[in-house]
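Read the single chain below, which is given as structure tokens and is the form predicted alone.
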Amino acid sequence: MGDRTDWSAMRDRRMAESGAAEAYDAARLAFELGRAVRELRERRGWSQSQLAQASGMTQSAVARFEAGGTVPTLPVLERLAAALDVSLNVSFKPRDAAA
């Protein structure tokens, strides 16, 4: 048997690869946006199908988005915001010095 690598070492090695940090940030953003939409939908007591119908999307597209599986375009975010009766706020903030 060869040497086994623990998860932490493997993650550190992968994150050092070119483009890994950017891909990680994109995945994190997709997950956070999906979670926010899911929370808003659930507060309204809506199913994914109801949100899909109100926003002109399919249920499967809503499910993928809520799971963080897709990075949405601004028009998609605008449709979701309108369907959920919330305003969409896009902003730029300085990065943390520690990040």
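In case it trips you up, residue 1 is the first one in the sequence shown, and so on. Small disclaimer: the values here were computed from a predicted structure and weren't measured.
Only in words, not in the display: the form predicted together with another copy of the chain, which the text now covers.
Colleague: Is A63 one of the residues lying within 4.5 Å of another copy of the chain in the model of the complex, judged by heavy atom distances?
Modeller: Result no; A63 lies far from another copy of the chain in the model of the complex.
Colleague: Heavy atom to heavy atom, is A67 within 4.5 Å of another copy of the chain in the model of the complex?
Modeller: It does not: once another copy of the chain is placed as it appears in the model of the complex, A67 has no heavy atom within 4.5 Å of it.
Colleague: Do M57 and another copy of the chain share at least one heavy atom pair within 4.5 Å in the model of the complex?
Modeller: Contact with another copy of the chain, no.
Colleague: Give a yes or no for A52: in the model of the complex, does one of its heavy atoms lie within 4.5 Å of a heavy atom belonging to another copy of the chain?
Modeller: Outside the cut-off, so no.
Colleague: At a 4.5 angstroms cut-off on non-hydrogen atoms, which residues of 30-50 are near another copy of the chain in the model of the complex? List them in order.
Modeller: Heavy-atom contacts within 4.5 Å come from L33, A36, V37, L40.
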